[in-house]
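One chain comes next, on its own, written out as C-alpha cells in the form predicted alone.
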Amino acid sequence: MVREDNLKFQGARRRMIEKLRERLKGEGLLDERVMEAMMKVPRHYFFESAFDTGFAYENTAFNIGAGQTISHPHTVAVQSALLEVQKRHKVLEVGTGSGYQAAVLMELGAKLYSVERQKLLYDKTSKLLPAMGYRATLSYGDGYKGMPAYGPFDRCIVTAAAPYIPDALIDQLKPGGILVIPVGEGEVQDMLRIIKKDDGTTVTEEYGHFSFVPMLQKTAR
C-alpha cells in the first residue's frame, strides 16, 4: 500500500478534479466544496499495491476485495454533492467499503457513522482511516438496519445498489434530512435523493443511472 502523497500523485489528483469539474458543471451537479474535499483525499491510499495506484486517479471503479469496489470518482462526487453535507452534520454511511467516500465526507465536515457488512473491508478500513487522521464511528453489521443507536441523522448515503429503500434508513433521518441511495436490482440503478419532510413524508428526486455492487443484507460470519 502506497502511503506517500508526492507531487506526481497530487498532479494526477488535480487533473482528475479538473475533468470532474467540467463534467459535473455540464450535469448541473458541480459543488466546489466537494471538489476541494476530493482534492484533499489521496485516493491512491485506498489501493492495495503500487501497481494499482496507477489507476487511482482515473474515473474508474476498482476491486478492493470481498467482491466489492471503490466507486468511480464521478460517482463519489455526485453522491457527495446531492447529500449537501454541512459542517457537524451527523451522517450515516451504509457501505464503508474502502473508506474513500467516508474520507471525502469527513473533509466536508461530517460527523460520520459508517456500517460495513463485509468483515474483511471493515477490518481494513477501521485501521486505515485512523492512520490517515480520520475519526469516524465504524460498525460491522447489516446496513439495511442502519445504526439506530446513534440516530437520528442529518444525512444518509448508501454506497451499494439497494433493491428497495429500507424503511429503517428513512426512520433514522431527522426531519429535513436527506438520503442518497442507488435503487435497482439490475446492472444499472437509479440514483435517488429522498428528502424527509417535517411531517415524516418524503419527496423523491431522480438523478440518472449508475452502477453499483449489490447491497447485501445478512451479516457475514
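Here the structure is a predicted model, which is why all the values come from computation and not from measurement. For every residue, the number given is its place in the sequence shown, counted from 1.
Quick note: we don't show the form predicted in complex with a small molecule, though the next part is all about it.
Residues 98, 115 and 121 are all found to lie within 4.5 Å of the small molecule in the model of the complex, as judged by heavy atom distances. The closest non-hydrogen atom of residue 94 lies within 4.5 Å of the small molecule in the model of the complex. Put simply, residue 17 is far from the small molecule in the model of the complex: not one heavy atom of it is within 4.5 Å. The closest heavy atom approach of residue 64 to the small molecule in the model of the complex falls within 4.5 Å. Residue 107 falls outside the set of residues with a heavy atom inside 4.5 Å of the small molecule in the model of the complex.
Checking 20-28, 208-216, 193-201, 5-13 against the small molecule in the model of the complex, the stretch whose residues place heavy atoms within 4.5 Å of it is 208-216.
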